[in-house]
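Given next, in C-alpha cells, is a single chain: the form predicted on its own.
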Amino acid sequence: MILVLDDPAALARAAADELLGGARAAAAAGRVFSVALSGGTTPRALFALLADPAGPYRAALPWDALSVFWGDERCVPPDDPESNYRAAFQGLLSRVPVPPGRVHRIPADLPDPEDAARRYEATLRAELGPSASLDLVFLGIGPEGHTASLFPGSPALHEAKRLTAAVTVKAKTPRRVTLTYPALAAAKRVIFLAEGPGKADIVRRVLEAPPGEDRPASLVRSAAGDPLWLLDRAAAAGLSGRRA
C-alpha cells in the first residue's frame, strides 16, 4: 500500500498515527507493543513530533506499553554522532517516559560485530518470544535501494534463518549490525518512510520494477504482506499515474 502525504510534516503525522493506534490497541489488550526505529534523517521529524509536549502524541501514547528496538546500527559507541541510538535518544527517548528497561539498543559498540549480532538476536527472542515478531518496524530507504543495513551485494541478503547479521558496507561507517529479511518477515507490520526529491528515483524503481537484490528494499515483506509506504509528494513524484 502506498500513501502519499502533502509534505514531510504530514508524513510524520501519519507515521505517528500508526504508532499511536498500534500502541493503544496493545495497551488495551494488556500487552507490550514492540517497535523498531530506523536511522537516517527522515525519522527525526517523527521523533520531534512524538516528543513535543505541546503536540497531541506525547500525552496520548501509552509509553509504558512500548518496547523499543532498532532496525540497524553502526559499529560505534552509543554517544557517537553516527549512532542511530544516539539520534533516537536525543530526539525522542530522553524526552518521553519509556521505561529504560524496555529500550533495547543494538550493542554494536562491542569489539566483535558478530558477537553484537548474536547478542541482539538473543535479546529479540528473549523479549518477543521464539518467533521474535515485532509489532511495527519503521524503515527508510537509501539512494541505491538499501534498507536497514541490507545493501546490494551483501551476503546478508541470503540469510534465511538468523534474525540479525553483522555486515560490512560501502559507507562512511562500514561495519554495522542489521535485522535480516527473516526478522522483517516475522514483523506484524512494516512501514517505509521516504521524503524529498532525492528519493523519487529509487522509490519509483523499488515500487514499479520487479523486486530484485539490486534494490534490497524491494524484497521486504512482513507477516501482513507488502509494507506500507508513507511518501511525501516529492518522493512520490516519479511514480506512474502521478499518485502524488
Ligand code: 6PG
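Values in this document were obtained by computation on a predicted structure and should not be read as measured data. For every residue, the number given is its place in the sequence shown, counted from 1.
There is also a form predicted in complex with the named molecule; it is not shown, and the following applies to it.
Please identify the residue among G55, P62, P211, G40 with any heavy atom within 4.5 Å of the named molecule in the model of the complex. Flagged contact: G40.
Against the named molecule in the model of the complex, would T164 count as a contact residue? Criterion: heavy atoms within 4.5 Å. No, no contact at 4.5 Å.
Wondering, does P107 line up within 4.5 Å of the named molecule in the model of the complex on heavy atoms? No, P107 sits far enough from the named molecule in the model of the complex that none of its heavy atoms falls within 4.5 Å.
Even though the named molecule is not shown here, does P113 get within 4.5 Å of it in the model of the complex, heavy atoms only? Residue-level check for P113: no, no contact with the named molecule.
Could you tell me if G91 has a non-hydrogen atom within 4.5 Å of the named molecule in the model of the complex? Looking in the model of the complex, residue contacts with the named molecule do not include G91, since no heavy atom lies within 4.5 Å.
Candidate site T180, R189 and P227: all three near the named molecule in the model of the complex by heavy atom within 4.5 Å: Negative, none of the three is within 4.5 Å.
In the model of the complex, segment of 140-148, 153-161, 124-132, 93-101 with a heavy atom within 4.5 Å of the named molecule: Every other range fails; the passing one is 140-148.
Heavy atom within 4.5 Å of the named molecule in the model of the complex: which residues of 57-83 qualify? Heavy-atom contacts within 4.5 Å come from D72, R74.
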